[in-house]
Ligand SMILES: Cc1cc2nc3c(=O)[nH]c(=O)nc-3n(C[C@H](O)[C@H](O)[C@H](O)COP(=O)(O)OP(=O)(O)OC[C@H]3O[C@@H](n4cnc5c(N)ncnc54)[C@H](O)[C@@H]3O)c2cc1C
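Below you'll find only one chain, the form predicted on its own, shown as structure tokens.
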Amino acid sequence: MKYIKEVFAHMVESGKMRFNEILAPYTSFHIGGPADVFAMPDTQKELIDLLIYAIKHDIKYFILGKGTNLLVSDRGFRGIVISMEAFRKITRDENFVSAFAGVELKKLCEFTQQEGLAGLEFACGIPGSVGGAVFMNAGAYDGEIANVLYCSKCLIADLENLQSSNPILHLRAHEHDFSYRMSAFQKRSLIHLSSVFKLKEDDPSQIIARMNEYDNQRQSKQPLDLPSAGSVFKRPQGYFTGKLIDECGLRGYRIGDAAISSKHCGFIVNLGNATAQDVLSLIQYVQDTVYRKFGVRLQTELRTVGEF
């Protein structure tokens, strides 16, 4: 990255490129060391130029949304972290709503409610961005992104495509290869730009009522007052994760400042100064304990980034 300051001088001067930026403030866990380069493109061209630079120079890169469902190493990230924060446009065309990768899910749900379009109520309390939600096929309360997604625009992260005259790939719904907390974005070198959601007209007052009901359930059952990355473990078929952990006597169990939430055992919370290693050690302990007692191996939803 010897010449990155010269190549992207305009981004450095405007504050859209920073160096040795601590990542903890950009994650919902409030955990994470420094990134060598932290870039905040606000145009598609800047994004593509950053990707071309990284690939040409064999530099690792990571696409960052709202930093939820994410555990960043205490040692940070050796490479370029690319924030999609500036990509936040939302538009409507009849019953179809288009949202860019950086749009906060909560904002998208508020927009569709005000427009009298139903279908995304389940997502109203899911933290994170549209890009992350599509990447993970986020879901809650028997709903998931796969049920309402119509199509997406993305980039194939290879030089031939990025340097072509038309680098954007259009994915139809079935081409996302959705399954439980999984999509084509995790299996292929695809970078999400925007998605279109197919919704249904409904009374805005009915939509907000359903959103409020889900929100009340979250408030009563989830530890929203402490930093976390949401539900840490995938739900094993035939079991409830929180119940398994609770029945192992692990409610409130802690390693360092990382603790199993006393409110919801499927969550790990940061009690103040938890490190990434605290969280990883706690995850391993939970997995081993549950396996010994029930013979069930819990798999994580949490993504890890950086040097571990």
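We number the residues from 1 along the sequence you see. Remember, predicted model here, so these are calculated numbers, not experimental data.
From this point on, the text means the form predicted together with the ligand, which you will not see here.
Chemist: Is N270 near the ligand? Define near as a heavy atom within 4.5 Å, in the predicted complex.
Modeler: No, N270 is distant from the partner.
Chemist: Is the gap between L70 and the ligand in the predicted complex 4.5 Å or less for some heavy atom pair?
Modeler: Close contact exists here: in the predicted complex, L70 approaches the ligand to within 4.5 Å, heavy atoms only.
Chemist: Could you tell me if I156 has a non-hydrogen atom within 4.5 Å of the ligand in the predicted complex?
Modeler: Residue-level check for I156: no, no contact with the ligand.
Chemist: When the contact criterion is heavy atoms within 4.5 Å, does R218 count as touching the ligand in the predicted complex?
Modeler: Because a heavy atom of R218 falls inside 4.5 Å of the ligand in the predicted complex, the answer is yes.
Chemist: Let me know the one among M211, V196, A140, A118 whose heavy atoms come within 4.5 Å of the ligand in the predicted complex, would you?
Modeler: Of the candidates M211, V196, A140, A118, A140 is the one lying within 4.5 Å of the ligand in the predicted complex.
Chemist: Just one of A173, L169, L224, A86 has a heavy atom within 4.5 Å of the ligand in the predicted complex. Which one?
Modeler: Exactly one residue meets the criterion: L224.
Chemist: Since the partner isn't included here, can you check whether the ligand sits close to all of H30, P34 and F77 in the predicted complex (heavy atom within 4.5 Å for each)?
Modeler: Judged in the predicted complex, none of H30, P34 and F77 sits within 4.5 Å of the ligand.
Chemist: Can you say which of 201-209, 109-117, 234-242, 125-133 gets within 4.5 Å of the ligand in the predicted complex, counting heavy atoms only?
Modeler: Comparing against the ligand in the predicted complex, the contact stretch is 125-133.
Chemist: Going through 286-301 from first to last, which residues have a non-hydrogen atom within 4.5 Å of the ligand in the predicted complex?
Modeler: Contacts from 286-301: just E301.
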